[in-house]
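Shown next as structure tokens: one chain only, the form predicted on its own.
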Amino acid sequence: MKYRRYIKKFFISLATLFALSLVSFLLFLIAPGDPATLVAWERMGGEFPSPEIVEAVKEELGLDVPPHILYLKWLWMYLNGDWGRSFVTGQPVLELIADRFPMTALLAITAFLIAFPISLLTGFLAGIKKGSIADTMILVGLSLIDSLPSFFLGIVLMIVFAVKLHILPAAGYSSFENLILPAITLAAGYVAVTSRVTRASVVETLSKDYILTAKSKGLGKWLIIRRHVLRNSLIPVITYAGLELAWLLEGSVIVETLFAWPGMGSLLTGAILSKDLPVIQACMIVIGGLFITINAITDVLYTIINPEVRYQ
């Protein structure tokens, strides 16, 4: 069946979203701290609330029910398009997501646009020149970048470009210039990993029999690379690149916190610290949905490049 692959992936995606919602809810239950106590503590200006006040807050927030009832209530609300309100601010969760997600998307896509072309260029060059000085230098550079934690690299970039040179702002978001340092910091790890994937794919493609046949026919090196190596090497690279874009959208928590970037990462961090269940669940569902969507797009691109896959 031609579309069996896509139907199967659709049901797997639904099961994944359900499992993600359940896991995030269980983590909420086992994490230390009581959200009602935290909310009551904030409302009282930092004073420790009495048990009566805590119970009243629990009833107000709908937390005075067994866990399985709480989960089913939350799931039913989501299926009906009601994402609830933040326990802490009382603001509708959809408004919070709508405010923060575009900022995270802007940061992640900018980092992707910086990193992906560099990854392809360095990966293809290293693969084609395997064993050469250029290959060695690229691999050493990638290892160096990969060994730097994002928070350390971000601090170094802030010290150099913001504190010493006064070229770029250190943090916040008031202009396009504020985007440059966090985007570079987020892109660095992507370049290091994706370049290696590209290099490995090129090296493997160059060892295939059809490449040896093309060489035996007298085809030039760059003609072989353009006709055979580029297209066939891109298949695993595109698959990995799609997943990495999803990771960029999800994995910007440290970078957003470091550069005071008002995105989903900082929103999720604050929600976890205050055990703000509606916000935590919304962030997890959005992130999971992004993974599934990007994976589906990647799968379509994969079948375009390699049509034989759609019938498997």
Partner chain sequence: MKAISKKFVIGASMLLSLTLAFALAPLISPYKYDEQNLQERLLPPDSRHIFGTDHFGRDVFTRILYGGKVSFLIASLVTLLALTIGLLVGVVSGYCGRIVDEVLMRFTDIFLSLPSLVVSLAIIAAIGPSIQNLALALSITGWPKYARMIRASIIEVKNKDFILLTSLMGADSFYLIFKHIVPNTIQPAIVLASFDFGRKVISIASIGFLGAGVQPPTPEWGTMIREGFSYVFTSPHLVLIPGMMATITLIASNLLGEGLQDMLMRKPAIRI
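Positions refer to the first chain, counted from 1. Rigid core here is just the name for the largest C-alpha set that superposes within 1.5 Å across the two forms. Just so it is clear, the structure is predicted and the values come from calculations on it, not from any experiment.
The protein also exists as the form predicted in complex with the partner chain; that form is not presented, and the subsequent description refers to it.
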### Summary
Per contact check vs the partner chain in the predicted bound form (non-hydrogen atom within 4.5 angstroms), the hit among 73 to 81, 118 to 126, 101 to 109, 139 to 147 is 139 to 147
### Query
Any of the heavy atoms of residue 158 lying within 4.5 Å of the partner chain in the predicted bound form?
yes
### Query
Using heavy atoms and a 4.5 Å limit, would one call residue 163 a contact residue for the partner chain in the predicted bound form?
yes
### Query
Should residue 297 be counted as a contact of the partner chain in the predicted bound form, where contact means heavy atoms within 4.5 Å?
no
### Task
Look up in the predicted bound form whether residue 152 has a non-hydrogen atom within 4.5 angstroms of the partner chain, and give yes or no.
yes
#### Entry: Interface residues of 159 to 196 toward the partner chain, as seen in the predicted bound form [heavy atoms, 4.5 Å]
159, 163, 170, 193, 196
### Message
For a quick test of reading the superposition: does residue 277 move by 2 Å or more at the CA between this form and the one not shown, rigid core aligned?
### Response
yes
### Message
Superposing on the rigid core, I want to see if residue 295 changes position between this form and the one not shown - specifically a Cα shift of 2 Å or more.
### Response
yes
### Message
So, superposing on the core, is the move of residue 26 at the CA at least 2 angstroms between this form and the one not shown?
### Response
yes
